[in-house]
Every structure is written in structure tokens, then in C-alpha cells.
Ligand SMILES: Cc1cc2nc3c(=O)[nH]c(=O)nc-3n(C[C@H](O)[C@H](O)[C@H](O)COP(=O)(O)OP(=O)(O)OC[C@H]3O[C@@H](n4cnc5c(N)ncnc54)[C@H](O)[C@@H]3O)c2cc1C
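The chain that follows stands alone, in the form predicted on its own, written as C-alpha cells.
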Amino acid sequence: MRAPRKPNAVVIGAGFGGLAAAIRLAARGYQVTMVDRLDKAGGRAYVYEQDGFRFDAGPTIITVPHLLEELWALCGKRMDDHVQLKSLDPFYRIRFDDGETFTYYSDPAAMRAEVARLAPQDLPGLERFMQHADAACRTGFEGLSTTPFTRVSDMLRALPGLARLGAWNSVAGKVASCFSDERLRSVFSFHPLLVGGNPFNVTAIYTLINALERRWGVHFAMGGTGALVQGLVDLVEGQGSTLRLQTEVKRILLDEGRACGVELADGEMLPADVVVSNADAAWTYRMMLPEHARQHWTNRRVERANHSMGLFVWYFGTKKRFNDVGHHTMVLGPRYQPLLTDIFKRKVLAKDFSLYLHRPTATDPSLAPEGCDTFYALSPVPHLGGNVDWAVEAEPYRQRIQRRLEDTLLPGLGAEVVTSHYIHPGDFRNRYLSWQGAGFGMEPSMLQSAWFRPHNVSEDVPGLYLVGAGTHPGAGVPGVLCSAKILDEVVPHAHTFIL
């Protein structure tokens, strides 16, 4: 007698969320097929290789490593045997426009010393802020990040804890209540930008990111974030699942309103008992499902949602090493709140900007040829809802970034660059199918978080599940890994299917 077949699951997209989803579904008895339109796995954690340099395209900061360790454990393995995470201290350095710096350490005493150096009157505020961030982490991350929020009652149960934390206040508002020094206000409030949110609009719960870093550390995967992606791919394939690259999904198939598979761009049909989309949530609803199948995420609702900012990222390699520059550096411009208003609300490309400068060769020289450095400079910019013509603006903008780096941290940079590549919001739309070219899906404002965010269990289509930055709990590596962990609660176990 033949063994009964396993139920099929199709996972759309091989980013961190999709890879984690595939591992968890296979561990629960599904036969998994994962498809991705790119030529490599990783999604926004893609790896560019150019002229002997290796560039991580997207996430570079790893926190909460036990979420990754769980995936290896599900496969009976230890992550440490396959991928080495190196703890970084200091976490990063912030350079203000006037040249003053603030170094963000893991050690509380070192942090107090840094605050005292700039604004000793704010030391009591530092303690209040850290206490709030710890409480936000306990409530928002440990308590709610793996709660499915499929029912209004889930949100109602969460409200008392959120209210005690002043969740209706913004991150910037909470920080301003603790610090009087404008420089410290920027230091302790910029973190929502790491997950696509405007600190002046995002709920104060996102102060939890500060606590996440202090509690579990800031880590870098030796070999780059791509080494983590390859490790996860090895787990997927080791479970007997299939990964099909350069395979684009045209639409999600429905049978009497229920997801039953996908149709590929070449016309091939992949039947499935369960469909999981790691594609952008807005794109999934707006472009992969027919309008008649959607009562909740209608075209109008998707288009009226507030989406995160866009990103301009310049990847470049130099023929010398800039040893005075650390692994993570924030290069702040002359404006803070007005610049964010230009990006998120006015959606105009300002003359000034702030940058995140990533120099992974400070930790892992193998990512560049000997004696060279690998960098990327990331600038938050408006998404494509503005009127920026990137075909015209991209190269001049890159040149402005280069001049800014030459004037601040990398003197003589232009003469040292030997390889260069950049991406902008248009590339995010065309390459990653990101709605409006947004870097992180919908902005994580209070009314676009938890129950108000696209659910992990589709509100419109039975049998369809969502993971990744655009669904609950949101962007960032911990967020997308938690979105996949939620599947363990909401996707039926394979043995419940009658096949």
C-alpha cells in the first residue's frame, strides 16, 4: 500500500519570511515548493557580487538570534555548526552634522558615560527611557509578536498593556519626554526607520527595538547576511522541499473562493492545499488576487494605506581600507524632523539627507579583495507616491552622497572607488514587486499595526497565509521570522488534511 501523500504548500518568495515559513511547514508535515522570481534566494537580503566584492543588498543587523536557532533546531541541527554570528560592540556610531559623535554601546555604564559627555542633565531621562523600552519589549515583542491577531478580541486583550505604555504616543514624543538635548532625541528615536517607520508617527511601542538590541545584542553573520540565507536554503532543501528560482507567480488560484495553488508567469499551474505569500502584502492583494475575491483589502484600501519610505542604496568598493570607520555608522544631516516630513508626508527629494553607512569589512575582510573595503550607503527617500523621476535623479543623488561622505568620513573617496552599483525605489518596485517601491511595506503606525495590519491569515481568502514585512508583526529580521512562527498556530497541521 502506498503511503498517503503529504499535503502541498506553495510559498511565494524566498526572503527570510518565506524561507522560515518553508522550514516550519515542512517540519509540520507539508511537501513544500518555494518559488522566487529572482536568480538567488534572499529577497531583500539578496547578495550582489561584483569585481571581487560582495554586497549584502538589505538587512545587515541581526538581533534576537534564537529565532534563527529555532529553525536549525527544527531540522535537528545547530546553527553554530553552519553559520557564525559575531556580536558587535559598539553597536554603531552616530555622527551629527557638526562633527560631534555618539557611540552606542551594549554596556549600560558606557552608555551613561556617553550621555553624560553630551548632556549630563539627561542622565535621569536615560534611565526612564530604558525602563520604558524594556517594558515595551516585554509587552510588544515577547508578548505580542507571535500573537496572530486574527480576531478583534486579540486586539482588545492587548489594549490595556498598550495603554499602560502610552502606545498612542509616538516614539519621538516618548523620547522627547525623557531627553532635553536635541542630539540625544535623534539618537534614541531613529530606530523605527530601521523598520520603515517615521519616528514622529510610529507608536511608542517601537522603543522596544532599543531593548532588543541591548538584551540580545547586535550581530553580524560572518560571510555577510547572504551566509544566513544560504544556511536557510540548505535547511529547506535538506528537508526535501523544492526551491525554484527565476520562477514568477502571476496569480493565486482560487477554487470557490479558497486558495488552491498558483499560476506561474509561463502558464504552469502549481496546485496547493496551502498558499503562503512572502511577497509584499499590498502587492499580493492588489496584483495576485482578483478584485471580486477581496472584501477587506480592496484596491482602494491598499492604495490609501500609508506605506514606508523608499530607499536609495549605493553599494561601492574601494581599493584601500578606511580603518577609522566602524561597521555601522549613522551620518546625520542638518535637519531631523523636517527631513522626515519631506520624506514621509511631502514626499519630495530634499537637498539634504541622512545616511546609514555599512562597512562590513570592518568585521569580515573576506567580503572584499585583500586591502580593500566593501560599503553601502543607505538614504531614506520618498516612495514612488511622490514625483521623483529616478531615471533623472539617481546618478546626481549618488554623487551628492559621495561628496557628503568625502566631506565627513571618507576623505578622497572618489579616487578610491573601484566598483559601484545603486538601487532606488523604482528598483524596489520592479525587482521586489514592492508597492510604491516602499522599502518595508506598510508603515508601522498605530492604525497599521497588529490587528490593523494585513493579517497572517488572509481576511479575504481561506487557505492563504501571509509572512514577511508587510504583515504582522512587521519589518526587520525578528519581525519577519516571527511572522513565520505564527504559522505554527494558524496553519492546520498536515495530518488534519484528508487526502
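Note that residue numbering begins at 1 and tracks the sequence as displayed. Here the structure is a predicted model, which is why all the values come from computation and not from measurement.
If you look for the form predicted together with this ligand, you will not find it shown, but the lines that follow are about it.
This chain is drawn without this ligand; in the predicted bound form, the residue among Ile23, Val491, Val477, Ala9 with a heavy atom within 4.5 Å of it is Val477. Using a 4.5 angstroms limit between non-hydrogen atoms, Leu378 touches this ligand in the predicted bound form. Contact annotation for Phe428: at least one heavy atom lies within 4.5 Å of this ligand in the predicted bound form. Mapping the unseen interface onto this chain, Arg28 falls outside it, with no heavy atom inside 4.5 Å of this ligand in the predicted bound form. This ligand is not drawn, but in the predicted bound form it has a heavy atom within 4.5 Å of Glu248. Here the chain stands by itself, but in the predicted bound form one stretch of 51-59, 443-451, 65-73, 458-466, 51-59, has heavy atoms within 4.5 Å of this ligand. In the predicted bound form, no residue of the candidate spot (Val175, Pro199 and Ala204) has a heavy atom lying within 4.5 Å of this ligand. Residues of 113-134 placing a heavy atom within 4.5 Å of this ligand in the predicted bound form: none.
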